[in-house]
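Just the one chain here, laid out as structure tokens, in the form predicted alone.
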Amino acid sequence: MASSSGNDDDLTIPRAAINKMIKETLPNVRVANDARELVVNCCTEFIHLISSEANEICNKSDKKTISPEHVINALESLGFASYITEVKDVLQECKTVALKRRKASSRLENLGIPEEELLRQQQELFAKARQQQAELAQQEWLQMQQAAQQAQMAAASASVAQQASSSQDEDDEDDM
């Protein structure tokens, strides 16, 4: 397990990953805990060895990113040339899986609906939204018109009432 000190010597592969690989590789074999720990340490050391050599090869070729070719060259320079064919096969398999994932992640392809149909549906939704917006604006306009008419009627009623009141006052004065 990785410790909090951040020291490179403390970095290891998660035990759960190693346990899973051991069970998949040797399903009917029991492996002692200290043997599992030894496998973890060997894997960690192997990865450190290969990555350090690949980094040196990368630096010598004035690159800043370790590529698969750097790793393959590191395997060869460290005497693991017998693994290169299998490593290349695994690399090709990883590239194929990554390509399939990228294709599968495309939302349009996952829908199974042609792009033209999606575009038509989108245009229908936009038209429907525009229609709803126009209806809403029409309703708001009608409400404003009604409010204005009511205000005019109220003002006219108030004016008529005021005129009636003032003519009543005049009639009352005349009666006196």
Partner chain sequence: MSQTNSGKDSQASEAKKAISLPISRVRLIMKSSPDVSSINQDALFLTTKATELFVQHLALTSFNNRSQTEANTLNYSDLAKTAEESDTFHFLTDILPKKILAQDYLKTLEQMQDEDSDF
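It should be emphasised that the depicted structure is a prediction, and the values quoted were computed from it without experimental measurement. Positions refer to the first chain, counted from 1.
Although it is not shown, the form predicted in complex with its partner chain is what the next lines describe.
Engineer: Only one of 132-140, 119-127, 44-52, 146-154 gets a heavy atom within 4.5 Å of its partner chain in the predicted complex; which is it?
Structural biologist: Of the stretches listed, the one contacting the partner is 44-52.
Engineer: Any of the heavy atoms of A17 lying within 4.5 Å of its partner chain in the predicted complex?
Structural biologist: The answer is yes: A17 has a heavy atom within 4.5 Å of its partner chain.
Engineer: Is it the case that R30, even though its partner is missing from this view, gets within 4.5 Å of its partner chain in the predicted complex, heavy atoms only?
Structural biologist: So R30 counts as contacting its partner chain.
Engineer: Answer with yes or no whether D34 is in contact with its partner chain in the predicted complex, where contact means some heavy atom within 4.5 Å.
Structural biologist: Yes, D34 is a contact residue.
Engineer: Indicate whether its partner chain has at least one heavy atom within 4.5 Å of a heavy atom of I113 in the predicted complex.
Structural biologist: No.
Engineer: Do any residues of 84-100 have a non-hydrogen atom within 4.5 angstroms of its partner chain in the predicted complex? If so, which ones, in sequence order?
Structural biologist: Result: E86, V87, K88, V90, L91, E93, C94, K95, V97, K100.
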